[in-house]
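Take a look at this one chain, the form predicted on its own, written out in structure tokens.
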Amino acid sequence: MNLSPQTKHPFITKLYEYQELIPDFEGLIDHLYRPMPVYFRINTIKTGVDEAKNFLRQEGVEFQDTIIPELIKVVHHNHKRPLLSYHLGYIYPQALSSCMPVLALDPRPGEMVLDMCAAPGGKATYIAQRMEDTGFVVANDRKRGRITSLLANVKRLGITNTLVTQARGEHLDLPYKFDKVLVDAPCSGQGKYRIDPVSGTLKHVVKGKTDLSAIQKALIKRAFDTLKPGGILVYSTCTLSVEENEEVVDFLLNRRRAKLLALELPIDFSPGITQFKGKKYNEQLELTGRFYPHRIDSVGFFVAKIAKDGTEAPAS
């Protein structure tokens, strides 16, 4: 089913601004009518991959393997019956594309890592998992209500290397610098949107966000300043918006001695955009990645991997 720009959904109308930029744009529109696929990440801090798969089979879960060994795609399970494997901390529901920022960050055992916007904890706990529960992770979020879910997930998954903090990320002031920082920024969430094929209503809509680009720019700048020299920053969102993605990274490149690094990730992505609506951005932005829902059968994402190259430029 294809929609015209005159659809009653403002979101779809907004998407048509990207019509010339998104590969197989009509395929994207059709994909919005499909249900969001479910993925489980196996928590290897508590269990082995094979052991968790056998446990899930006993619970009646049918699944397929993915390109990521610890991630499975759920084919069928009874959503009305709670999974013991979840309550035991063996699994965490996490989209395929949601794993990409962590894989780009490549956290290693023994490192010091900051997740600046961590709740409810999918990426922060995956970082801890990739670090084999060693080193030190600071998982920060600004909202008290979201901190509750973050703490619960850290505890349920048996993680011991993570400190949970509550602060506005753009004002975060800690007495140490980090090897790596993740900013999975609050965003308009366009990559999550789906349309109910029966009612025609738009689902997974993010509400109550204002002046997102300004917030994102403040976050990415503060995140970069918390890095050690030679450290790595990954900036990500689950939106398709150029203003919230490439424009935010371009802002950082113009104000700090930052360098974009090529992404080496296991699923298909398109290069970042360097020109949009008459604006030209830094050519380095071709090294960023756009993950489109219809090409990966998951949430749409944007990922940028940034190196701190020596001393920052004068603060501004």
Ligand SMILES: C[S@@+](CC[C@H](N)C(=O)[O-])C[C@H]1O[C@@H](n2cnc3c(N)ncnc32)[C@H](O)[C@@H]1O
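In this text, residue numbers run from 1 along the sequence as written. All of these numbers come straight from a predicted model, not from anything done at the bench.
Here the subject shifts to the form predicted together with the named molecule, a form of this protein not shown in this document.
- Candidate site formed by V49, I91 and L157: none of these residues places a non-hydrogen atom within 4.5 angstroms of the named molecule in the model of the complex.
- In terms of contact with the named molecule in the model of the complex, the residue from V137, L227, I72, L219 that brings a heavy atom within 4.5 Å is L219.
- In terms of contact with the named molecule in the model of the complex, the residue from L84, A167, A152, L163 that brings a heavy atom within 4.5 Å is A167.
- A residue is said to contact a partner when one of its heavy atoms sits within 4.5 Å of a partner heavy atom; P107 fails this definition for the named molecule in the model of the complex, lying far away.
- Within this chain, L103 is remote from the site of the named molecule in the model of the complex, having no heavy atom within 4.5 Å.
- Taking non-hydrogen atoms only, P120 approaches the named molecule to within 4.5 angstroms in the model of the complex.
- Of the heavy atoms in M116, some are within 4.5 Å of the named molecule in the model of the complex.
- Only one segment in the set 211 to 219, 73 to 81, 241 to 249, 128 to 136 has residues whose heavy atoms sit within 4.5 Å of the named molecule in the model of the complex; it is 211 to 219.
- Contacts with the named molecule in the model of the complex, taken as any heavy atom within 4.5 Å, map within 126 to 153 to N140, D141, R142, K143, R146.
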